[in-house]
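As a starting point, one isolated chain is supplied in structure tokens, in the form predicted on its own.
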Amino acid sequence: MRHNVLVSRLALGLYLVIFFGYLLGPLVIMSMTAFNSNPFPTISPWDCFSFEWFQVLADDERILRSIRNSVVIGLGTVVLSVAMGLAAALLLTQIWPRWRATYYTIIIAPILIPGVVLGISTVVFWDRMSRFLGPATSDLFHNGIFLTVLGQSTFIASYTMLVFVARLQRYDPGLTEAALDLGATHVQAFRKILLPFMRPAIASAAVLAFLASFENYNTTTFTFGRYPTLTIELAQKVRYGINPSISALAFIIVMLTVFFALSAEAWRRGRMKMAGQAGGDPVPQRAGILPAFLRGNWAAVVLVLFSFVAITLFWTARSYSPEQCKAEVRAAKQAEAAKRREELLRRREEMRRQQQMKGPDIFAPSGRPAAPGASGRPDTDRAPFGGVFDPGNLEGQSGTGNAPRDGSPPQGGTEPQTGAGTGAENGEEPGNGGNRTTPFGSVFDPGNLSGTAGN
């Protein structure tokens, strides 16, 4: 029994390690590349530990401007999406039961529609609206921030509505009815009863809407106009080549996310601890070196350690200089390049020597060994392959069609080829006296086909 429990725990631990490694592994690797001095985002090979890419990021005006645009668009999307989602959720709880399924399907439909379709439809619709309402609204309806907020809110409002619907499942409508019976108006009942109950859901929906707007690309790529968001700017940088400053930005975003998550968890646990003490059920305090507000609150402890590490990195970046390390790495790379250059030259020399050891070229005029003549001696007057490769054939200077092996021009005392015939028989003009033979050693003589050639 104990053995089975141990195996189950080990399997569960291994599964959790693989699961979280799959989720967080790419983020960890990208964060590590922000501290490598290599100009390409990589951790192998590792050159030097450096903070220079954070400075490059701080000097990139386009990235900073796109972050500002993303924050402005995100805040506008939060306001519009939370308002529409809350109204849709309240209407869903009050509509006739027979219409709830149809209404719910219509509200959820934007989530299922591709973002590209939403972006194109947003641009086309508001362009027609600007033409219908007149030139006075053209600047507003063609503004990139306005169009992006409207385009993103069409589907982000559906996400916020789901959050509000889940919260309203725990709400007792009798509280609102009791307030109305006591003389409160609908506005007062909503503001003093329903709204405080929905406050946690509103906060969660606002965070969800902002994050969904901040990372959206498909819809924004058709609506941003002159106000590119961070995702649009990063996509353009990836298209033309990136540097580790993008990794530095990713590291900052991850650290901010962890910081706010730990802060929210520490605040929640602190409230639970205070509520327990106020309700007459105090949490037992143990003596220790930790302050009172950190005891029993692991999120607060981790938050303090996290803040200490962040501050340490910041002060280290102000005084640390990687120039010495970069000089050593540069010298090592130059030595490696020189070694590779010497190896390449050695291989080229070896290939050249191997080519020199090969046999003669048989297609060269002097490349074929001389064949023995009738007397048993090498026939030095016979050209290889019947003289068809004699360079003189191209200039029409071959007197006999049988050039010597060395390609030298024929001598004046050389006898004409036996059986070559007269100039008239070989197709020569009578005025040439029969001393000019056909090119390429008479191999193209028409008489060769009928067996009448002298050769």
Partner chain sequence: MTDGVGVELENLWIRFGEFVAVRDASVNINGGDFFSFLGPSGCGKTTILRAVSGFLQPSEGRVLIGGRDMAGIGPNKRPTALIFQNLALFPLMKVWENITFSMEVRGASASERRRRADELLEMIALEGQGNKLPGELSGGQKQRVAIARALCAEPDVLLLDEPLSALDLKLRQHMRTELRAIQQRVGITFIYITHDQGEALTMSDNVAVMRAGVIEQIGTGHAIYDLPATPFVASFVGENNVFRGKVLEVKGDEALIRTNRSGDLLAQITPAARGVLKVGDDAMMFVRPEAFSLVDDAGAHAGKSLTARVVNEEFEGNSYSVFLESEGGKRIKMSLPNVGQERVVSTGDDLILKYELRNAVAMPAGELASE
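Numbering follows the first chain given and starts at 1. Please read all numbers here as calculations on a predicted model, not as lab measurements.
Separately, the form predicted in complex with the partner chain exists; it is not shown, and the next lines address it.
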Inset, instruction - Spell it out for me: taking the partner chain in the predicted bound form, does every residue among D172, A184 and P196 have a heavy atom no farther than 4.5 Å from it? - result: yes
Legend entry - Among the candidates E336, E177, D139, E323, the residue which, in the predicted bound form, approaches the partner chain to within 4.5 Å (heavy atoms): E177
Legend entry - S121, Q188, Q236, S263 - the one with a heavy atom within 4.5 Å of the partner chain in the predicted bound form: Q188
Legend entry - Partner-proximal stretch of 111 to 119, 301 to 309, 196 to 204, 67 to 75 relative to the partner chain in the predicted bound form, 4.5 angstroms, heavy atom: 196 to 204
Inset, instruction - Find out whether any non-hydrogen atom of K192 is located within 4.5 angstroms of the partner chain in the predicted bound form, and reply yes or no. - result: yes
